[in-house]
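Next up is one chain by itself, shown in structure tokens, the form predicted on its own.
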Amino acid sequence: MTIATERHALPEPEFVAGFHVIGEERYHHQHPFHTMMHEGKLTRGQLQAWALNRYYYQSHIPMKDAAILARSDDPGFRMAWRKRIVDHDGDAGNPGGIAKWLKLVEATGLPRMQAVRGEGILPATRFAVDAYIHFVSSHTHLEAVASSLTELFSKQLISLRLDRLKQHYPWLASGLDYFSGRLTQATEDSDFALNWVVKHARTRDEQDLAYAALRAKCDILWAQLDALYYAYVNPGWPPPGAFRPSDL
């Protein structure tokens, strides 16, 4: 007869530390495509492909956040979370993250409407982003919120990216406003989400679900870069209908 071992919830410091372990192991800051970007080794065409495909992800962030917001019956949560939608959609004439990303697309030399229409994006980009929307809509509210905790690690990556894009690709200067804004927004968002997850993951099983949700989000981000690397770096095989840079 097997006796089940009771699993106690992790103490808060240990629980929080576990998220950072996942980030160090799985966050896409370590992906070879990002490494090439930060070392100044990407061509203009490869940066165009990145900006174009990443726009599909950026444009769906408010949809993801609206899905998470709709899961909650807590007015306080909804009030805090709706800030994310405004940050990306903009408000009262103030451009949000989506409009700022379109400036980056234009700075690479592509027309903004190509990004808006999704012309030439990789199938894997579409599948990965759509999977993220499905995840936050179909999993528990706890898992949906925990999946956003990649923002715990994004400030450091954004800071590095902003510095290296300015250094290696000065012709992108007019399109870097998005990253400047996210330096503060990402920290505010991750602080709220982490505190909420810590408060609501009361059992070890719930803590494990939160960890799994963060791993799933890291996988989604990594998969998008895998597709870019395969199509535009090595072996350099964009699928039929995908954007083909002139320097490929």
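Throughout, we count residues from 1 along the sequence that is shown. Note that the structure is a prediction, hence the values are computed from the model and not measured.
Here the subject shifts to the form predicted in complex with a further copy of the same chain, a form of this protein not shown in this document.
Contact annotation for Gly181: none of its heavy atoms lies within 4.5 Å of a further copy of the same chain in the model of the complex. In the model of the complex, a further copy of the same chain sits within 4.5 Å of a heavy atom of Pro239. Interface membership of Lys41, defined by any non-hydrogen atom within 4.5 Å of a further copy of the same chain in the model of the complex, is ruled out. The shortest heavy atom separation between Ala131 and a further copy of the same chain in the model of the complex is within 4.5 Å. In summary, among the residues Ala213, Ile220, Leu47, Ile61, the only one with a non-hydrogen atom within 4.5 Å of a further copy of the same chain in the model of the complex is Ile220.
With the partner left out here, a further copy of the same chain still marks one of 197 to 205, 184 to 192, 27 to 35, 48 to 56 in the model of the complex; by a 4.5 Å heavy atom cut-off that stretch is 27 to 35. Residues Asp219, Ile220, Trp222, Ala223, Asp226, Tyr229, Tyr230, Asn234, Pro235 of 209 to 235 are found to place at least one heavy atom within 4.5 Å of a further copy of the same chain in the model of the complex.
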